[in-house]
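Just the one chain here, the form predicted on its own, laid out as structure tokens.
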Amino acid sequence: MKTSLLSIVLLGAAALPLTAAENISYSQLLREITSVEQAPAPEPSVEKISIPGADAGRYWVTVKAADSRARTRLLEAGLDIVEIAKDSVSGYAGPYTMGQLSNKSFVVTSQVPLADYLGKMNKDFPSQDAAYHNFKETTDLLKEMAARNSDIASLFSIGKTVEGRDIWCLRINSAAKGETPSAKPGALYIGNHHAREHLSNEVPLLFAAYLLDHKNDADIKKYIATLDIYIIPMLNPDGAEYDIKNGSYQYYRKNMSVNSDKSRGVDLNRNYDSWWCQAGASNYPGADTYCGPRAFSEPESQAVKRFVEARRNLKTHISYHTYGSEILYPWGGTDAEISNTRDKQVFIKAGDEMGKLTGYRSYKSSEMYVATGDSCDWAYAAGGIFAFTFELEGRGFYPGAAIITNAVTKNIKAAVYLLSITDNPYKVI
């Protein structure tokens, strides 16, 4: 983890002192990341790994699952599906879920105590992942971007988290600042719904830096002049901070709400009012896929709801997650197809084009599994927004710093493509 962005960017052998004028440049940020990628990483220490509840019946399990229906049932049982193979899935399971797996005739082919499994992962934060930005660093960088580009950029909070942190939104608009309404077509980019998905913060954060660094390029200049662009890199800062507390990963997914049974957290991407808590979500508070006590029960999802409902000009949206190299579009909460044929064609065509730019596969979300309460389903249903979930690349939630440059550069191409169709998404067909 880095200290202040205003004084030094990286610690250790890769430390790069920067002047105040340099440290908001997109090109400079990539150079900083590259320097970390190339620097020799210190030997990780297994002793530093912290696994909450690892001594309370948490396991890494592999369970037979031949199709999306079987995967959906496992989500409902509380399994946090991480990897999908041809006829099985693997993921995290706590005591409740282990009981569900035994009681509902699932076939568990492998189970390893989580402490043993994670001990083999040899991950340690921050030593080899110093290029990633924590909440303070993200906030400082956003504030500096806005201050140094005050003619076109502004920063405001869309709400507070459970623990009182601001959910920062950088707005890029040549005519309107802060929360002032705009009639320009709007594009929205959100990262870090899930705490441990730190790459999903880096992509939108560096996309913001890219737009401001290239604001005089012909195409970017046109988008800034004609569109209303919003970037929220870290929707779940409480969870993201908890996941790296004490300098080590916690493998944590949810927000930091205290549930009725004193367990922690709601899965924010199961908390939206879109077939809420039906297929592919758990109503057990201790489960990683817990949908919450009601739709929009959480301050973070409430903030998104207020934000979207107040901006009927929003036309396009990407919600960044990890991992899988996939682009998903509605519906995720049902096997049914989108009834509007033209809208369906836009999703398919735009998804395929962004897939070409990233190398990701684009397809309907429920083909993987049905998961209700999803943010992109809700954004499309409630606002008619062409909303895509990007599952960024990598094998694991902590893929290291070496993946950032490639993921960022590819996904910026896709993000810019989305800007190119935001004025009229139907032009793709």
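All residue numbers refer to positions in the sequence shown, first residue = 1. If you're wondering where the values come from, they're calculated on a predicted model, not measured in any experiment.
This next part talks about the form predicted together with a small molecule, which is not shown.
Within 4.5 Å of the small molecule in the model of the complex, a heavy atom is found for every one of Gly332, Met368 and Asp374. Contact annotation: His321 falls within 4.5 Å of the small molecule in the model of the complex, judged by heavy atom distances. Using a 4.5 angstroms threshold between heavy atoms, Lys254 stays clear of the small molecule in the model of the complex. The small molecule in the model of the complex is approached by Glu391, whose closest heavy atom lies within 4.5 angstroms of it. At the 4.5 Å threshold, heavy atoms of Asn201 stay clear of the small molecule in the model of the complex, well away from it. When the small molecule is considered in the model of the complex, only one residue from His194, His133, Arg171, Lys315 comes within 4.5 Å through any heavy atom, namely His194. Note on the partner interface in the model of the complex: the residue among Ser282, Thr97, Gln128, Asn269 having a heavy atom within 4.5 angstroms of the small molecule is Asn269. Just one listed stretch, out of 322-330, 300-308, 134-142, 100-108, contacts the small molecule in the model of the complex at the 4.5 Å heavy atom level, and that stretch is 322-330.
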